[in-house]
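In structure tokens, one chain follows: the form predicted alone.
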Amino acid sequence: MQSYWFGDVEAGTCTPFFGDPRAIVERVSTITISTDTFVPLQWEEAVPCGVCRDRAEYLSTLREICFAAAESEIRGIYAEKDAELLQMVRMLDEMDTVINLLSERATDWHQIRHPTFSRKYHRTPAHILVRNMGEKSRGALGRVANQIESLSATRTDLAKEVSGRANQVIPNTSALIGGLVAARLVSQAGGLVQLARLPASAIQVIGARTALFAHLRSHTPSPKHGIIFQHRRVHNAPRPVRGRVARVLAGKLAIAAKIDLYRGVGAPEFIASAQEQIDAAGEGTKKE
């Protein structure tokens, strides 16, 4: 017997399956096929089942089934627990880009009005410059500066929400490197499933794409860390042991991601053990 989306065919006799497109999609997902005995489908076999009268009608019906299958797949992706987190991180990254570009452009505009401003520009943080421009500048520049500061405040609130959401979705990964860095790691990997499938060596250099390609093209030193450099245990580690710390941390993150994917709850004993091993990797000054 051969099972197809419209029914079961055996010895030239067709037993039709009746249902709406969603029911047919569910049926297709349960059909198991052996490549040794499978017979490719010909549209004419659907006619005895009453599915269609000609090829055009068969293709029209199959088109509806395909659309229903795509919709079901999309719904499944959006239902993943990390789907919203990915969008939040990407929005945060876009806001960072916009704020930086607008701050730079506003500073150039302000410098035109105040040519002696250049030395202060190199020593003053951008957010303080924007705040001062909003308070002291008149007209459009002042209004633009105020809007940039408002956008920066919104960005800060979003970063807090991203961190809180990450603590819920990826509790173990967040416990190791912090919610915000963990969320960026998942975003760069493409999702929690993809992150959990990566080896520790790949997790270690996520976010270091430019340095990695430079290493492959011109044989420069290979990168020892990517996004995980933002974690205090890595960037505060002495330079001779920084690569070792990043390697140990990446190994624990690979395990944490799998726990988050398959269990979805915190593992305090694992976190405590991992923290001890990461701290131990940072001790000493042995060069790699």
Partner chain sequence: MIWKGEVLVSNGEGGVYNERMLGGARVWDPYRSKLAALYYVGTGIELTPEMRVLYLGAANGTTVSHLADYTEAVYAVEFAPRPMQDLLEVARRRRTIVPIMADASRPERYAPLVESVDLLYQDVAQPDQAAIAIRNCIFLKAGGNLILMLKTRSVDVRKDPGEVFRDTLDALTAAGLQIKESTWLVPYHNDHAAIVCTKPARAR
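The model shown is predicted, which means the values in this text are computed figures rather than measured ones. Positions refer to the first chain, counted from 1.
The following text describes the form predicted in complex with its partner chain, which does not appear among the structures shown.
Stretch-level contact analysis of 228-236, 45-53, 65-73, 254-262 against its partner chain in the predicted bound form, using heavy atoms and a 4.5 Å limit, identifies 65-73.
By the criterion of a heavy atom within 4.5 Å, I77 is counted among the residues contacting its partner chain in the predicted bound form. Among heavy atoms of Q87, some come within 4.5 Å of its partner chain in the predicted bound form.
Residues of 26-59 that come within 4.5 Å of its partner chain in the predicted bound form, judged by any heavy atom, are V28, I31, I33, T35, F38, P40, L41, Q42, W43, R55, Y58, L59 in sequence order.
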